[in-house]
Ligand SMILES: Cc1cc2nc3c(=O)[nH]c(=O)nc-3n(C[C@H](O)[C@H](O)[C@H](O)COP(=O)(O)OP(=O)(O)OC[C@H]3O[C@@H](n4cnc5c(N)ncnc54)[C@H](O)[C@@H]3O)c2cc1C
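Heads up, the chain below is alone and in the form predicted on its own; it's given as structure tokens.
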Amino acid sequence: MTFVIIGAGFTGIELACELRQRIRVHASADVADSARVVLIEREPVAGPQLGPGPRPVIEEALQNARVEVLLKTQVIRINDDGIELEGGTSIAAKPPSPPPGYAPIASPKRSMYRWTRSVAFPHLRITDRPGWYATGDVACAYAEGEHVALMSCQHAMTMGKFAGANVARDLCGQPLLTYQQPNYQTCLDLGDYGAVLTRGWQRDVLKSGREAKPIKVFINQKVIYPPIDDHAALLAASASPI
């Protein structure tokens, strides 16, 4: 019962901290307690995109969840027997499905994003693909010229509004809007430990632990799900960013 998560970004940290609870639900408490959870990150810190502000909270939460964190570790190969790491070591684990293959694309920014995300800035239009737009987790976009959009619901929802508006503007021959992420906050789920809420691109910690957990629950259960069967409410929720 070894579970390996590759990438200690926003999603990887949330999954690692929440995984034992999901195992309890779908298997048993005994299985959850005995399982080995491994989080692999090639950068020297967990959550490199999240900045130093919330890092002590994240590290404490990972320790609390008994997650084995391997930093500065590169995955070389995934096969039926497990995961091979740079340097000759390996972790025995059975992959649930064939790992996805990504084709590299050119990126003028940091190489850590080049393998999985389409370059789409500043208008969320894919580079060298006229008429194509990217948003959410597949888009490598920059807010305020230098901040890489995270793979998070907050970014995805705002990017969707800008991309939708720009598709309409493109069709109508109007100037395109530059993607922006105003009033930026981040709420990271940390499983049984709670959550951590930060403000701004500098990621100042506002709340953490049990105090922040209700905010994350509210976001997951209320904010990120669109209204259902109400045309006017759907249009209001997806309104143009201007």
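Just so it is clear, the structure is predicted and the values come from calculations on it, not from any experiment. Note that residue numbering follows the sequence shown and begins at 1. The term rigid core refers to the most C-alpha atoms you can superpose between the two forms while keeping them within 1.5 Å.
Keep in mind that the form predicted together with the named molecule is not shown, yet the notes after this line are about it.
Within 4.5 Å of the named molecule in the predicted bound form, a heavy atom is found for none of Leu19, Glu60 and Gly209. With the named molecule omitted here, the record of contacts in the predicted bound form names 133 to 141 of 75 to 83, 168 to 176, 133 to 141, 120 to 128, defined by a heavy atom within 4.5 Å.
Using a 4.5 Å cutoff between non-hydrogen atoms, Gln154 counts as a contact of the named molecule in the predicted bound form. A residue is said to contact a partner when one of its heavy atoms sits within 4.5 Å of a partner heavy atom; Lys216 meets this definition for the named molecule in the predicted bound form. Contact between Ala46 and the named molecule in the predicted bound form is not found at the 4.5 Å heavy atom cutoff. In the predicted bound form, the named molecule sits beyond 4.5 Å of every heavy atom of Ala32. In the predicted bound form, Phe10, Thr11, Glu14 are the residues of 10 to 29 with at least one heavy atom within 4.5 Å of the named molecule, listed from first to last. Residue displacement note: Val138 has its CA displaced by at least 2 Å between the shown form and the other one (rigid core superposed).
The Cα position of Thr73 differs by less than 2 Å between the shown form and the other one after fitting on the rigid core. Superposition of the core reveals a Cα shift of 2 Å or more for Gln181 between the shown form and the other one.
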